[in-house]
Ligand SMILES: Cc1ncc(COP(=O)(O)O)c(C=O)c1O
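Have a look below at one chain only, the form predicted alone, in C-alpha cells format.
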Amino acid sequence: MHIEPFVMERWQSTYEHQVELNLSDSGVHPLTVQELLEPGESESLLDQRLIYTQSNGTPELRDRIANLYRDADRENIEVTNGGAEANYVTACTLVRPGDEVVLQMPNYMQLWGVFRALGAKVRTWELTPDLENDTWHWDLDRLEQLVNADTRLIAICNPNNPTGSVLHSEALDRIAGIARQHDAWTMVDEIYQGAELDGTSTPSMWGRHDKVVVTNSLSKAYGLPGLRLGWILGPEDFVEECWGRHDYTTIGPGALSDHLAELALEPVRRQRILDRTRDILTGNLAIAMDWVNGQQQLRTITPRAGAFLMLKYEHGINSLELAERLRVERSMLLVPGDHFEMDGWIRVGFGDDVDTLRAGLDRLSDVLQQLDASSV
C-alpha cells in the first residue's frame, strides 16, 4: 500500500519546536498534569503501575466515554492513541479497494490520504466561503447528488477543521437520511465538539442511523494533546472489528494516559476543563478579530468552533511560500492553505496564551506590510 505524504502533519512536526512562535496548532493552550489533577491526587498517580492496560481501554474509561453519548455503552467504545489512530483504524476497517467515499472538503487531510492509499475512489463534497455574509455554505443538495448506490462511506468533520463551521441537528439528520437511503456508512470526526465559541455543544451524529461511526479525542477541546488519547464510537460488532485491527497498530493506550483520561472525563472536572477552553477561545478570538479588522487586505469568516481562523489574503503570493517566509524570517509557524487545497488562504491558530498570539499576529502584520510595499 502506497501512502502519500501527510504534508500538514509533517510541516507541523518538523518545525513547531524549532520556531519561537507556533500559531499552527488547532487546539487550546495545553493543561499541565498539575492543572488537571485535584489536590491530593498526585500521589495516586505516582502509584500507578506502568502495566499493559486493557488494550481497548479500561472499562472505567470506556464507561466515562460512553456516558457522553445517548444510548451508548462500553461495548460501543474502542480507546485509541489519539484521534489520528481512531481515524486510521476506522478507515482501514470500513474502506476496501474500489469503494466510493464522499469526503467533506476542506478538512484535516489525514483521511484524504488514507482513503486514497486504501484504493478508494474519493469524491469531494465542497464547502464554499461566503465572506459577505460571514458564513460557510454546505450544499446538502449537492451531497445528495454525490451519494449513490456505490457509496460506501460519507466522511465529515463536525465542527469542521479548518473552517470552524458547524453542522447542526437538521443538517445531520438529512445527511443520515441520505446515507440510510443508499445503505452507506457515515463517519464523523467530532474532535472539536466542546470548543464552540457560543458555549452550545455541537450535536453528535451518533444515533441518527445504524451505520454511524464517531471519532474523538482529548487533544483539542480538552487541551490534553500529550495524553494521545482518542476513541471510536460505533456499533458493537464494528467496534469489535476495530479492536482486531488495533491489535496490529499500537495495541492499547498507555497506563498513565488511560488513568488521566478517566479523571478528565469525570463530569464535574470535564465541565471545568471545557469552561476553561471556552474562556480561552472567546478572549483570544476577540483579540484576533480586532487584529483582522485592522488589516486592509485580509478577510475571514468568524469561526463557530475551534481555535483557528482561516484568513483570505490578497497579496499575490502562494500560501506555502508565505508560510515559509514567516518561518524563516520571523520564526513563526502557521498552516498554509495549500495543505487544505486552498491556496490564497492561511490558517492561524488562536488557542495559545495571549502573549504568543499577539506576538505572532504582529509578525504576520510585518510580513504582510512588506508584501504591500513591494507591490507598489
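All residue numbers are counted from 1 along the displayed sequence. The model shown is predicted, which means the values in this text are computed figures rather than measured ones.
Quick note: we don't show the form predicted in complex with this ligand, though the next part is all about it.
Asks: Does the 4.5 Å heavy atom contact test between S26 and this ligand in the predicted bound form come out positive?
Replies: Yes - in the predicted bound form, heavy atoms of S26 and this ligand come within 4.5 Å of each other.
Asks: Decide whether A176 counts as a contact residue for this ligand in the predicted bound form under a heavy atom distance cut-off of 4.5 Å.
Replies: It does not: once this ligand is placed as it appears in the predicted bound form, A176 has no heavy atom within 4.5 Å of it.
Asks: Does the 4.5 Å heavy atom contact test between Y108 and this ligand in the predicted bound form come out positive?
Replies: Yes, contact at 4.5 Å.
Asks: Residue-level contact is defined here as any heavy atom of the residue lying within 4.5 Å of this ligand in the predicted bound form; does E78 satisfy this criterion?
Replies: Outside the cut-off, so no.
Asks: Quick check for you: of 147-155, 97-105, 262-270, 188-196, which stretch puts a non-hydrogen atom within 4.5 Å of this ligand in the predicted bound form?
Replies: Result of the contact check: 188-196.
Asks: Work out which of R74, R228, H209, R304 lies within 4.5 Å of this ligand in the predicted bound form, going by heavy atoms.
Replies: Checked against the cut-off, the match is R228.
Asks: Since exactly one of G83, G223, P253, G234 fits, which has a heavy atom within 4.5 Å of this ligand in the predicted bound form?
Replies: After the contact test, the surviving option is G83.
Asks: Mind listing which residues of 203-225 have a heavy atom within 4.5 Å of this ligand in the predicted bound form?
Replies: Contacts from 203-225: S217, S219, K220.
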